[in-house]
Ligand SMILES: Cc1ncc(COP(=O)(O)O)c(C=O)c1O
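Below you'll find only one chain, the form predicted alone, shown as structure tokens.
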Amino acid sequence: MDLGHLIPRSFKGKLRTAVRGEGVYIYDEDGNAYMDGCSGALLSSIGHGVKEIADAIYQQLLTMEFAHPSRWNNKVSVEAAEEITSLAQEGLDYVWLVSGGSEAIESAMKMARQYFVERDGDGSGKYMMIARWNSYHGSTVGTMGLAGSMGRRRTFAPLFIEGPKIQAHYCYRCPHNLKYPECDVACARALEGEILRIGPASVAAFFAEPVVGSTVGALHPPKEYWPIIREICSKYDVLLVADEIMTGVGRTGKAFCTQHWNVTPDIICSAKALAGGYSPVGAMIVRKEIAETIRDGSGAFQHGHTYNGNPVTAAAVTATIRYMKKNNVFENAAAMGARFEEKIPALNEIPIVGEVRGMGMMRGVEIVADRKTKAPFPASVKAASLVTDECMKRGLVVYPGTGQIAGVAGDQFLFAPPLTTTKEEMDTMTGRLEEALKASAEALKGKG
């Protein structure tokens, strides 16, 4: 396809052209059908071509497409906020609507800082934001300095301020050279050490994904991890910010992933699936005390974007969440996640599969050259790309990633179909996945 004046993600990429989506399928210009095994980038959670979402957006476009949030309120955004808070943990009562995940994280960084200034006065020293290596929190300058996804950061490192980081939980390749559960979840307890090293009076927030997404491929934590993190943040007056941009809105079988451990963050950042892929969206869901401290203080969050709470996106959010509730989408996600788990033993028999991990409908597969030593393939082999190509040949789309080992090595991919996937569709997708991995194992022989 001639891209004309368009700047694509990659000028060197050889991509098919998508022309239509329906249910779990995307069709190319030649009429070939591909099962969307990664929901785009974990956002098309209710599938493609859902008419009632499109109708809600269309009706809003005819009614009022835009009213600038500095001069107008709109009822549609109020409805969307109500639907979002209905999914969140008790006490997360306020919503700030934006256009994407990066904006949601940037908003949380600013909210954390402003909260402490409003609460403690202009002299508040709490400004440092701690995150983790092997994390991705966005592509803006602020979020790149916060996060630790090296491949995305190297070129732009001179532009941002580097934030402090701890190692992520990664039991398959434990950065502390320990073994669970004898480790006493040292990866979580490292947060306390980092807070003390910096000084609690300087630390405003800790950011983390409940299940690490594209940077490590659905890396799920030990069950004790998030409760320990919550306890540490509370102890040192540090806000806990959960990046649920990938994990949120049903992806792991609950509305928000942190609900699996009965943990309530101070802020949840969501995006992607909030509007099912039908409109660009992001949201910051904020604990009541934080929002009301600003409400009762200066009265204004010192931040803003043109498309904050725009009515068209708000209509898409409301329609999507109501569709999910009406059709028991979260319950189906839990059931299909359990169905996928039945396939894991067969996948584990394939020589290049190092680990299959994740929760619910968010699963990752790490590719290795040697299962015994866990040695990765050389980066030049491009193992993740090869697996992706083998999946595409069989009509299955997955989400590849690299660089999870010290930021420079390793291959993995995400498998995360729409949450509306049926048993038959799940079985077909996992069958194609198994075939593609076996073909990849043959193609990668001797390349380790």
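In case it trips you up, residue 1 is the first one in the sequence shown, and so on. The model shown is predicted, which means the values in this text are computed figures rather than measured ones.
The following text describes the form predicted in complex with the named molecule, which does not appear among the structures shown.
Although the partner is absent here, Glu209 sits close enough that one of its heavy atoms falls within 4.5 Å of the named molecule in the predicted bound form. In the predicted bound form, at least one heavy atom of Gly101 sits within 4.5 Å of a heavy atom of the named molecule. Although the partner is absent here, Gly138 lies within 4.5 Å of the named molecule in the predicted bound form, judged by heavy atoms. The named molecule in the predicted bound form comes within 4.5 Å of a heavy atom belonging to Met246. The stretch in contact with the named molecule in the predicted bound form, judged by heavy atoms within 4.5 Å, is 237-245, chosen from 327-335, 161-169, 237-245, 72-80. If you take 248-286 and check each residue for a heavy atom within 4.5 Å of the named molecule in the predicted bound form, you get just Lys272.
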